[in-house]
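A single chain comes next, written as structure tokens; it is the form predicted alone.
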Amino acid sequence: MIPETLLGQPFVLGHTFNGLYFAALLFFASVGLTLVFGILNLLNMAHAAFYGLGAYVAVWTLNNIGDITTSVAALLVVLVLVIPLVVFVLAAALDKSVFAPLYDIEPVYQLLATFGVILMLDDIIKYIWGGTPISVAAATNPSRQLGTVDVLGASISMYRSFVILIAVCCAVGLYLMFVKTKIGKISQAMSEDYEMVQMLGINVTRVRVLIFSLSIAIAALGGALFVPFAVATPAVTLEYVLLSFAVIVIGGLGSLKGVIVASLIIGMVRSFGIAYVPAIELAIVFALMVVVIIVKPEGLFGDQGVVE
């Protein structure tokens, strides 16, 4: 028998909102992975490791910016613009030095090589910040500064609402980039026939670096937005590596629509699973993934291209 408190409107509304928040974080962690594979044919297992890197950089930055400003607007600008831009530049350098040789090898070797990148980043994070959890100080934590509002009896975090809004803007922005801009149309053409685009005289290396760096920056954005409401730990990387693969398996590798839909499904499953069956909420996610593999191995939208 489910207690009445677990069926009331505030409870359902609150967990629906939390499901959207979880979905937003999963979108940030997964969308770059599916775009890099769909456009560049690189299965980058290390993608979600940059989510963890973004989380640690955000904690360090927010904890050291207090002497300069504690303005919530400035803190949000740091999380949304500054940290992703820094990681974008880092990703561009890594693409040319570490990832460039991986584009022409078999996917199984890509997985093994990029798993090595996960281990490398994990050790770098532990060397710099240690292996214990770290959190954002209260004085520079935008989540605490923004507080909550009451909506139909449910307490809704303003900061989580902001994260959801940024995820929606990011999804819309990516869609418009692919369907309205020259670089987006070139990217779609590269996903169909990379060699033909190269033969037309287009600098595919420049486009590749841009797409790869943008994808990594979005993952770092997700990590940066994650920590004001949580703590940064080495386990964050592993958790989101596993969840991001669940997203792309369910949604379909290489599909923007698939990432959005799968993130929403998993976000809701996790939110209500934590409420009703916390002991097996993560198992439900992976059971759902297995069902999709059996019924539709290519995923829900895996056969429809990047933005169709």
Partner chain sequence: MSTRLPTFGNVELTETLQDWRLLSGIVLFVVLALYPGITLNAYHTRLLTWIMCFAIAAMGFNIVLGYTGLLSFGHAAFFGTGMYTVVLVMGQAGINDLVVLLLLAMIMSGIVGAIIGALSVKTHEIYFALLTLALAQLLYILAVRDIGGLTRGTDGIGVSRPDFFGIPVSELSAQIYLLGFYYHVVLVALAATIVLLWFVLRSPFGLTLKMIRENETRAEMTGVPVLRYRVYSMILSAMIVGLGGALYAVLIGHITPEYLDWTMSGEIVFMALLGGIGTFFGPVIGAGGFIMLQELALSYTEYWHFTMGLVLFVVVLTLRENGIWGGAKTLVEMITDRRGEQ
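Just so you know, these numbers come straight off a predicted model, no measurement behind them. Numbering follows the first chain given and starts at 1.
Below, we refer to the form predicted in complex with its partner chain, which is not included among the displayed structures.
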{"query": "Candidate spot Ala58, Leu174 and Ala217, all three touching its partner chain in the model of the complex (heavy atom, 4.5 Å)", "finding": "no"}
{"query": "Its partner chain contact in the model of the complex: Ala167, any heavy atom under 4.5 Å", "finding": "no"}
{"query": "Partner contact for Ile68 in the model of the complex: its partner chain, 4.5 angstroms, heavy atom", "finding": "no"}
{"query": "Partner contact for Leu43 in the model of the complex: its partner chain, 4.5 angstroms, heavy atom", "finding": "yes"}
{"query": "In the model of the complex, Phe286 touching its partner chain (heavy atom, 4.5 Å)", "finding": "yes"}
{"query": "Stretch in contact, per heavy atom within 4.5 angstroms of its partner chain in the model of the complex, of 49-57, 276-284, 23-31, 257-265", "finding": "276-284"}
{"query": "Contact residue in the model of the complex, chosen from Met190, Val87, Leu102, Val163 - any heavy atom within 4.5 Å of its partner chain", "finding": "Leu102"}
{"query": "Contact residue in the model of the complex, chosen from Val151, Met196, Met120, Val179 - any heavy atom within 4.5 Å of its partner chain", "finding": "Met120"}
{"query": "Within 4.5 Å of its partner chain in the model of the complex: residues from 86-118 (heavy atom criterion)", "finding": "Val98, Pro101, Leu102, Ile105, Glu106, Pro107, Val108, Tyr109, Leu111, Leu112, Ala113, Phe115, Gly116, Val117, Ile118"}
